[in-house]
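A single chain, nothing else alongside it, follows as C-alpha cells in the form predicted on its own.
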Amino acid sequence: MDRAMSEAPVVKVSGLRKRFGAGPLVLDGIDLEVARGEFVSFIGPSGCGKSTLLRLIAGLTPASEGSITVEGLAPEQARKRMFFVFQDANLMPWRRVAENVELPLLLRGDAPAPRRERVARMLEIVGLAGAEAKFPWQLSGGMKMRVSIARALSVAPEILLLDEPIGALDEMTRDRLNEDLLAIRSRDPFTGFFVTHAVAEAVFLSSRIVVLGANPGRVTAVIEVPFAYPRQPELRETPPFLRLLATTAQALRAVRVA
C-alpha cells in the first residue's frame, strides 16, 4: 500500500491548534494529509499531544482552530467510518470473548447469522479461534488486546485509530501483535493511525512516521518508510531497517534535546 492509492487525502489536517479551556496550546499548526491505505505513526516525547491529535482525528474532542476532514466530512460526521482502540482493552468483563467482539455488530443491527460468521472470522484472524466462550479474566494481556482489535475490525472500519494499544505488553508479545496487525490489514485493508513510544514498532508498522515536538506539539519531522507490505519479522534484522531505525531515533532525540 502506498500514498498513490488515492488522489484525494482520506484525512486532511490544516492549521490545527488545540488548547483545553484557557490552558496553554497543546497542539499548534499541525498540517497533515493522509492517503487511503497509509499507516501513519505518531511518535514524540510525553506530553507532545500524540493522543490528543488522534482524538481530534476521531472527532472525540473539538479543534480550537484550524480544520480536520475525513473523506471531506467533519470527524464527528465520519465516525461510522472509524474505530478507536484505546490503551486499555476495555472489554466488558461479564461478556464472553465472542460477545465482546460481537457488540459493535449488535449495536449496528446486523442479523444474528452474519454476526456470528463475522465474529468467528475475526477471532480466527487474530488467533483466538477456540477462545470464544472465555471471559476476559481468563485471558492474558496480549489475548485481551487481540479481542479488542478483533472487535474494532469486526465492523470493517475504513480508518483504525490505535492509541498505544500494546504499550504495556512485553517486547515479544508486542512484536507478535504488530505482525498480526499487519497480517489482518492485508486481509481487511484500512487506513491506520498509531500512537507509540517505541521507535522500532513505528518503523515496522508504518508507511510514514510523524515526529512531534512538545510545548506545544508541532510536527518536527515526517519520515517515509520505504519497506513494501506485507512485512516479515526478519525485516527487523536487516541493515535498511536498522538504518531507518537509527534515523528515526535521531529525529526523536533532536526533539528531546531542543
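For every residue, the number given is its place in the sequence shown, counted from 1. Note that the structure is a prediction, hence the values are computed from the model and not measured.
Beyond what is shown, the protein has a form predicted in complex with a small molecule; the following relates to that form.
Taking non-hydrogen atoms only, Val26 approaches the small molecule to within 4.5 angstroms in the predicted bound form. At a distance threshold of 4.5 angstroms between non-hydrogen atoms, Ser51 is in contact with the small molecule in the predicted bound form.
In the predicted bound form, the small molecule lies farther than 4.5 Å from every heavy atom of Ser67. Although the partner is absent from this view, Pro189 stays clear of the small molecule in the predicted bound form, with no non-hydrogen atom inside 4.5 angstroms. Residues of just one listed stretch (218-226, 199-207, 42-50, 29-37) have heavy atoms within 4.5 Å of the small molecule in the predicted bound form: 42-50.
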